[in-house]
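Consider the single chain below, provided in structure tokens and representing the form predicted on its own.
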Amino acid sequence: MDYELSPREQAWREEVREFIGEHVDEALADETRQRGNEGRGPRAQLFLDALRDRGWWGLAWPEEYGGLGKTALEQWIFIDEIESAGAPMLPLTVTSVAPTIMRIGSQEQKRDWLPKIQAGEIEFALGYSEAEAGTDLASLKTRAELDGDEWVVNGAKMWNTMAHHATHNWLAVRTEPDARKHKGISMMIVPMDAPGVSVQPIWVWPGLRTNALFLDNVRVPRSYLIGERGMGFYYAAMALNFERLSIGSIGMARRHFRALVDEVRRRVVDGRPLREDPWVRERLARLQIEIDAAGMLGLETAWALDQGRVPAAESSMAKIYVSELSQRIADVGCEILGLNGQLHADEARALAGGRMQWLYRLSPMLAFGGGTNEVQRDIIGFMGFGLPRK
């Protein structure tokens, strides 16, 4: 592939950068980082409202659904610029759930759900994983049984991020208990305010919140099952495919690396500029090379999508490389900046805005979020190189 952007793609990058220059400042970036997934702050909401007003809410949606119909490469450019600036990303409701509804929903379901998503009235949490069915999604046990014109849902979900703010859950449930496990799952929409739905917080190491979701005889209309019964495993995989461009994005890692480099340029240790230390220069140069390589992996994934392929191996490579690169940036940053580099942003003596310790705590989650890196390596083996599955 050609790694150079076309004139059209370069013009799009400049348009995105101009928008960022008008709507993103350091206060928004700090709010986004500090609040994590504990809900949007006022600055983040204003930014997302500006995106919607600009018509970029449905960036990748086909024009027939009110979108811009941007290519995968143009979407990758957008994600890269937004993450590099530290601004909040478009929610998965828009980038993952809505495109899936477009492809598998009935005309009535599209008419009911897509305009509300476009208007920002609906936000989904993704209800896939369970206590005993995370990596092996096909082992899930949450069940839905048809009772007249309603589904009755019982079960529990784990790692249901944003469930405490979502209006609805995009839920994988078992509707065909006698079918093979991959064939017995369906996708269903469950309102979060339905009787019998409860959410319990789970706090993880970086101070971010995820949730356990409990469903006790929850009743939802029959029409809330999206697509064909028993095909939910494949629909979940489809929705995850739409996340591929963001899972391996290098923007966030690049932003924190820039903060580290800026700190090194300013620091003087024992009367000598830190930037003149040979081992510091070598480590930073190596990280810069790895960041450039990660960007090329992301470009290859976007290019493959535009060629009509499902780049499972390429996206898994990008995901592994970026998540583990984030760990290396944090390790090197804490090593170069010493104890002051390990302080929280609220500490007066924190270096690099406290970003290194924050990234150090966050990066392990990046290694299993969106599919553990161990499983990603298996995918690369059997889908990229044709190795046997067992």
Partner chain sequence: MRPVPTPQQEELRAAVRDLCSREVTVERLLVWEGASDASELALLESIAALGWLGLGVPVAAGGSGACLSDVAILVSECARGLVPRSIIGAVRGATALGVIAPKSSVLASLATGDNRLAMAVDEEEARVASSFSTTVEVEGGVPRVRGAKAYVPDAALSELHLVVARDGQGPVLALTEAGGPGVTIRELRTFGGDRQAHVRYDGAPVVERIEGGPAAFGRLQEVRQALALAEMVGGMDAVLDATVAYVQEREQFGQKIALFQAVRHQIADMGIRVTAARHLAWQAITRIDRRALCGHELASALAYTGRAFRDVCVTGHHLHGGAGFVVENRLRFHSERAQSLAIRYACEAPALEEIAGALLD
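As the structure is a computational prediction, the values presented were derived from the model and not from experiment. Numbering follows the first chain given and starts at 1.
From this point on, the text means the form predicted together with its partner chain, which you will not see here.
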ask   = Taking heavy atoms and a 4.5 Å cut-off, does Tyr360 contact its partner chain in the predicted bound form?
value = yes
task = Answer yes if any heavy atom of Ala194 is within 4.5 Å of a heavy atom of its partner chain in the predicted bound form; otherwise answer no.
result = no
key: Exercise: Leu59 in contact with its partner chain in the predicted bound form, heavy atom 4.5 Å   = no
query = Is Leu68 a contact residue for its partner chain in the predicted bound form, using a 4.5 Å heavy atom cut-off?
reply = no
Contact stretch among 172 to 180, 110 to 118, 92 to 100, 126 to 134 - heavy atom within 4.5 Å of its partner chain in the predicted bound form = 126 to 134
ask   = So, Phe242, Ala313 and Leu325: all three within 4.5 Å of its partner chain in the predicted bound form by heavy atoms, or not?
value = no
message = To verify the annotation, which of these, Ala237, Ala293, Ala285, Ile202, has a non-hydrogen atom within 4.5 Å of its partner chain in the predicted bound form?
response = Ile202
ask   = Considering its partner chain in the predicted bound form, which of Arg267, Arg229, His164, Arg143 comes within 4.5 Å of it through any heavy atom?
value = Arg267
key: Any residue of 323 to 351 that, in the predicted bound form, places a heavy atom within 4.5 Å of its partner chain   = Gln327, Asp331, Cys334, Glu335, Ile336, Leu337, Gly338, Leu339, Asn340, Gln342, Leu343, His344, Asp346, Glu347, Arg349
